[in-house]
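Okay, here we've got a single chain as structure tokens, the form predicted alone, with questions on binding and movement later.
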Amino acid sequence: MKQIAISVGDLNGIGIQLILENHYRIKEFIKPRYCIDRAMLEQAANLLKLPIPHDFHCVTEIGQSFTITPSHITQASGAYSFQSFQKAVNLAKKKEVDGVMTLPIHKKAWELAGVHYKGHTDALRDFFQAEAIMMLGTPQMYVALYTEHIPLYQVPQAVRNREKLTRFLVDFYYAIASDLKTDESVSLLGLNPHAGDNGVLGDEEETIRQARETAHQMIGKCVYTEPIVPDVAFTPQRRKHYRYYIAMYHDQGLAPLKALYFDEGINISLNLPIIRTSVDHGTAFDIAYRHQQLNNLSYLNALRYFKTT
């Protein structure tokens, strides 16, 4: 069984409840190493009124202890979640574990703590000096994001960067090539309504086409479709023919994905020297520490992924 480092995310959110409630289930297919100090674990468990499993493996010396404030955005929780993440990645770098699974952080809490990254994927790019690719979904449908956590008004400019888009398409292909079936295509979305209607509603699709052509030359075969009209890309008929999608921006790809597979989707970082997965949901402050039953499918799937890699 593979050893997986699990960073605990924002301890003011639901991540630690998922950890405690599902420890024995995940031990059926991985060996977890939890990046949390024993004192913080005990504090969270007391608040949740949950027992700590007898074989719970804490990775010690994570960060400064603090008082958990359920459902609040705090500097201390942001700092601790980042330090837990750093510890998990360092364990993977040193090959002490076979992969990293991350629980949700709060971006504002990271900002308050002086962490300048917008999220895990952004940080991983810097840690490894590699163009990490964010892909989310399930085996039925995966969506990769060309742009991620940037304001919407900046997306067209990013799409017009043909060199960067070309590199993204090439890197993505090689990251998933082993899973593609013979002659299977990847659905490449346009940016504008009606994919621009031949320039009537925008000309970014021309850049997408040029990047696609160059990527195919570099790969040595055709992989990507012509830019598809975004509002029909995820219809049932389309989904019969495509498993992988490239979205030009965050909500273009994640709105349909979460409408279809919200409970079970996961986040996977591609194009890195380590394997990293995450749940496909946030800190859920609205239900944190309220002793409610949590949907654990995304958490379990994010760890089951290591069985197939």
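Keep in mind it's a predicted model, so treat the numbers as computed, not measured. So that there is no doubt, residue numbering starts at 1 and follows the sequence shown. Take the two forms, find the largest set of C-alpha atoms that superpose within 1.5 Å, and that set is the rigid core.
FYI, the form predicted in complex with another copy of the chain isn't displayed, but the following is about it.
S.K.: Please tell me whether any heavy atom belonging to Phe262 falls inside 4.5 Å of a heavy atom of another copy of the chain, as the geometry stands in the model of the complex.
M.R.: The answer is yes: Phe262 has a heavy atom within 4.5 Å of another copy of the chain.
S.K.: Quick one: does Gln237 come within 4.5 Å of another copy of the chain in the model of the complex, counting heavy atoms only?
M.R.: Yes, Gln237 lies within 4.5 Å of another copy of the chain in the model of the complex.
S.K.: Since only the chain is shown here, I'm wondering whether Leu180 would be in contact with another copy of the chain in the model of the complex (any heavy atom pair within 4.5 Å).
M.R.: Leu180: no contact with another copy of the chain in the model of the complex.
S.K.: Is there any non-hydrogen atom of Ile275 lying within 4.5 Å of another copy of the chain in the model of the complex?
M.R.: No.
S.K.: Assess the spot marked by Pro151, Asn192 and Pro256: is another copy of the chain within 4.5 Å of a heavy atom from every one of these residues in the model of the complex?
M.R.: Checked in the model of the complex: all three residues contact another copy of the chain.
S.K.: Can you tell me which of 56-64, 32-40, 265-273, 246-254 lies within 4.5 Å of another copy of the chain in the model of the complex, counting heavy atoms only?
M.R.: It is 246-254 that comes within 4.5 Å of the partner.
S.K.: Only one of Ala158, Ala130, Leu201, Leu112 comes within 4.5 Å of another copy of the chain in the model of the complex by heavy atoms, so just point that one out.
M.R.: Selected option: Leu201.
S.K.: Identify, from the list Gly99, Pro230, Gly119, Gly78, the residue with a heavy atom within 4.5 Å of another copy of the chain in the model of the complex.
M.R.: None of the others qualify; the residue that does is Pro230.
S.K.: Align on the rigid core first; then say whether the Cα of Leu260 has moved by at least 2 Å between the shown form and the other one.
M.R.: The answer is yes; the displacement is at least 2 Å.
S.K.: Taking the rigid core as the frame, does His194 move its C-alpha by 2 Å or more between the shown form and the other one?
M.R.: Passes the 2 Å threshold, so yes.
S.K.: For Val279, does the CA position differ by 2 Å or more between the shown form and the other one when the superposition is done on the rigid core?
M.R.: Shift of 2 Å or more: no.
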